[in-house]
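A lone chain, given as structure tokens: the form predicted on its own.
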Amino acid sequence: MSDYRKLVIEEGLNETYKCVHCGFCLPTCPTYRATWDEADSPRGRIYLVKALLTGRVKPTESLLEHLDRCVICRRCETACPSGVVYSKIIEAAYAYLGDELTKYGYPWYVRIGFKLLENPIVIKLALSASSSLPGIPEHMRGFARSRDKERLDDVLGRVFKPQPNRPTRGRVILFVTNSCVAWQSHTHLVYATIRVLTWNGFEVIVPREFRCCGAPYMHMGRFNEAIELARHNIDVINMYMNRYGDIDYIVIPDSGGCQAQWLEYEKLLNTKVGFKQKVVNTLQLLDKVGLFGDLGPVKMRVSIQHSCHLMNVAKAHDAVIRVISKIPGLEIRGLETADICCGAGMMYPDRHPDLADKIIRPKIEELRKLRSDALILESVTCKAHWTNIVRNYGLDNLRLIYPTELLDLSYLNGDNPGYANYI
């Protein structure tokens, strides 16, 4: 067992003893709300993991099932009065069980698929074929169905200067990669991000060398791969800093999972990387520095489904709301369950379809009552999931849009000469 796995197990076990079993986490947990089974709650899983790590129980199929049902949304952490970091506990279970839990939750073809889908060419082929081939996981179909016409390769390796007559406010590196299905399928978000940031006075560097952030591997307990990817991406940052000088921010376009994983890099590598505080969401950055330009009206009734990791780990969702609230004509209709996970992460709807359906149904009922024109989604994985949802539940008139896209649309509708033609 590697030293890192031993450390994860030790930290996770120590964390279990912080839980006072108060139950404040229960109503925040999407799986507990769906099953009302204590073993499907954070409190129940903490009890199971503690018993497992101390040798009091064996990894039976029932235990593996309850642990695998966790969506790792980390919403329970924000409700815990004792400050229990639940993610450390579930990671300890993966570290202790090795491949046993991963093999239980992820079929062999999914595990192979994750490896294959690091290849940009394979991703392109998969996106082209996924909407028609039988046997393709639904989550992959969601990426294919929401695929944009823009090409990611057209912006990779380029530097975008602030738009003409805009004062320079800093230099940012944009984290996107063609070795990830999310960014190859949602390229319009990348284009919108570049337009918004350059209009607001930032020089935007878009490296070609980034690889996956490592989040899928981290959530499967494949820590060695996650560490390797973290080290690679940090090397890319250092390479560009040597080439261009200081980097003010590392911007993650509307992807809470990627941002949360970047924030874990120091822990993964057990070292100070020196730029953790610079890792920001696009609108989080603009909330901090203020907006330039004329925000045009966007007459639309919108609801919001928060990204779990953007909200619970990166703590950026308040900034997102503040920025989009500045858009004229926008009517925001709150979704009562916006802070509860939609069940999108890590192919959850394919792995646990019945449970995923129970998780999503309350949100569907709310959206039908609200009659919103659009649903704001803060993460690319959520978008792929919701693309399937609107199709399967007859919500075809519901537009799915990212916060940055919404801001981009406002700029397009405003008096901003030259904005539309910059890219």
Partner chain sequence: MVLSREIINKLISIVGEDNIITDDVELMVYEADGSLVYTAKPDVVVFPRSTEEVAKIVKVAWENRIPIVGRGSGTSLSGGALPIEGGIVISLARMNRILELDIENETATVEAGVINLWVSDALAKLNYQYPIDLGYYFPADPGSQRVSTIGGNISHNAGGVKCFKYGVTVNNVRGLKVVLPNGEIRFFGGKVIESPGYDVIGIISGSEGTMAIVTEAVLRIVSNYESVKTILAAFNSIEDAGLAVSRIISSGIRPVALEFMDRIAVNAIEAGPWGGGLPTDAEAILLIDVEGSEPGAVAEANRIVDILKSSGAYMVKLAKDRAEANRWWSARKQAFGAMGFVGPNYITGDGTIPRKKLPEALYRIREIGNKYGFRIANVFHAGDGNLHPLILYDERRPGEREKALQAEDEILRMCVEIGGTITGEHGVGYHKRHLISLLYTDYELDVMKRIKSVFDPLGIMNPGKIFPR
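Numbering follows the first chain given and starts at 1. Computed from a prediction, not measured in an experiment: that's the story for all the values here.
Just so it is clear, the following notes concern the form predicted together with the partner chain, a form of the same protein that is not shown.
Taking Val390, Leu367, Ala374, Leu48 one by one, only a single residue has any non-hydrogen atom within 4.5 Å of the partner chain in the predicted bound form, and it is Leu48. Interface residue among Asp246, Glu336, Asp235, Asp318 relative to the partner chain in the predicted bound form, by the heavy atom within 4.5 Å criterion: Glu336. Shown alone here, Gly414 lies farther than 4.5 Å from the partner chain in the predicted bound form, counting heavy atoms only. The closest non-hydrogen atom of Asn397 lies beyond 4.5 Å of the partner chain in the predicted bound form. Using a 4.5 Å cutoff between non-hydrogen atoms, Pro81 counts as a contact of the partner chain in the predicted bound form. In the predicted bound form, at least one heavy atom of Cys19 sits within 4.5 Å of a heavy atom of the partner chain. Picking from 193-201, 215-223, 328-336, 171-179 the stretch near the partner chain in the predicted bound form, with a 4.5 Å limit on heavy atoms, gives 328-336. Residues of 50-80 that come within 4.5 Å of the partner chain in the predicted bound form, judged by any heavy atom, are Lys50, Ala51, Arg56, Val57, Thr60, Ser62, Leu63, His66, Thr78, Ala79, Cys80 in sequence order.
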